[in-house]
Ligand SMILES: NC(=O)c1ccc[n+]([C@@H]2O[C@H](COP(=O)([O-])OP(=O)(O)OC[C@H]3O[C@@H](n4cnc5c(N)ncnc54)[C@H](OP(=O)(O)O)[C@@H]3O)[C@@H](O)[C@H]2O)c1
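The chain below stands alone and is given in structure tokens; this is the form predicted alone.
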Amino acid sequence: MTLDDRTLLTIAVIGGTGKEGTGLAMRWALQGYRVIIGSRDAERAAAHAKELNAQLGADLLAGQANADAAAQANIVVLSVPYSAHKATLESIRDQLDGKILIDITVPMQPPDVRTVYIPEGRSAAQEAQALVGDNVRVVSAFQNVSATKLKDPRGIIDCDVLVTGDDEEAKSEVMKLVEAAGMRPIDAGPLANAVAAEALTPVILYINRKYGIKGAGIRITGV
């Protein structure tokens, strides 16, 4: 099997009942990928998948408990609040062995979500890599994409996605998924650079409020 074959590739979106995870799951499902929504509650995941299938007009998504979803996937996407980041990773760590993990988590300390917060491990993605071990290829992406834009699975998203990671092959596969979701991927270097991408999100949230807008994003010029 090659990861280019969408019909054979399964993506598990852990935290797929949240806004960002929901939007990405729908977009990938519409592009022919097999997508499983993961939640701590299997019944909640199944009910959410059913709702989304009704919205899409086709039976494209399934819902399962986090560990079961991760076990079946080739690529696992972690879309949870930072407060649940460590615990969620610990609950699926055994199911991640040998796989690509896309971490879209942004470290924040509510209620002050518009001020940059740098965690002890420098970035959520680096903390994830340290927790899951070297046999899991962690790639950081999608932190700067507005959930407001993602919620329309067929809508146009006019922004770039910074992709960081230490494994070039894994990064390349994630960049394909960025394109499949309707955005332009930008290779932003090693996983250590995830600290910059994650830190941009509170800045964007501040800009949204300051200028009374929704869904600000980033665009890399000259590429």
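The first residue of the sequence shown is number 1, and the count goes up from there. What you are looking at is a predicted structure, and each value in this text was computed from that prediction instead of being measured.
Beyond the structure shown, there is the form predicted together with the ligand, which is absent from this document and is the topic of what follows.
K.L.:
Specify the contacting stretch among 162-170, 175-183, 51-59, 38-46, defined as having any heavy atom within 4.5 Å of the ligand in the model of the complex.
P.N.:
Checking each option against the 4.5 Å cut-off leaves 38-46.
K.L.:
Flag this candidate site as yes only if S123, L191 and P202 all have a heavy atom within 4.5 Å of the ligand in the model of the complex; otherwise mark no.
P.N.:
So, no: the whole triplet misses the ligand.
K.L.:
In the model of the complex, does A130 have a heavy atom within 4.5 Å of the ligand?
P.N.:
Answer no; every heavy atom of A130 is more than 4.5 Å from the ligand in the model of the complex.
K.L.:
Heavy atoms within 4.5 Å of the ligand in the model of the complex: does V139 have any?
P.N.:
Taking the distances in the model of the complex, the answer for V139 is no, it never comes within 4.5 Å of the ligand.
K.L.:
Should I104 be counted as a contact of the ligand in the model of the complex, where contact means heavy atoms within 4.5 Å?
P.N.:
I104: contacts the ligand in the model of the complex.
K.L.:
Can you check whether A147 is within 4.5 Å of the ligand in the model of the complex, heavy atom basis?
P.N.:
Although the ligand is absent here, A147 would touch it in the model of the complex, with heavy atoms inside 4.5 Å.
K.L.:
I need to confirm a contact call. Of A73, I100, I92, V80, which residue comes within 4.5 Å of the ligand in the model of the complex, counting heavy atoms only?
P.N.:
Going through each option in turn, the one that passes is V80.
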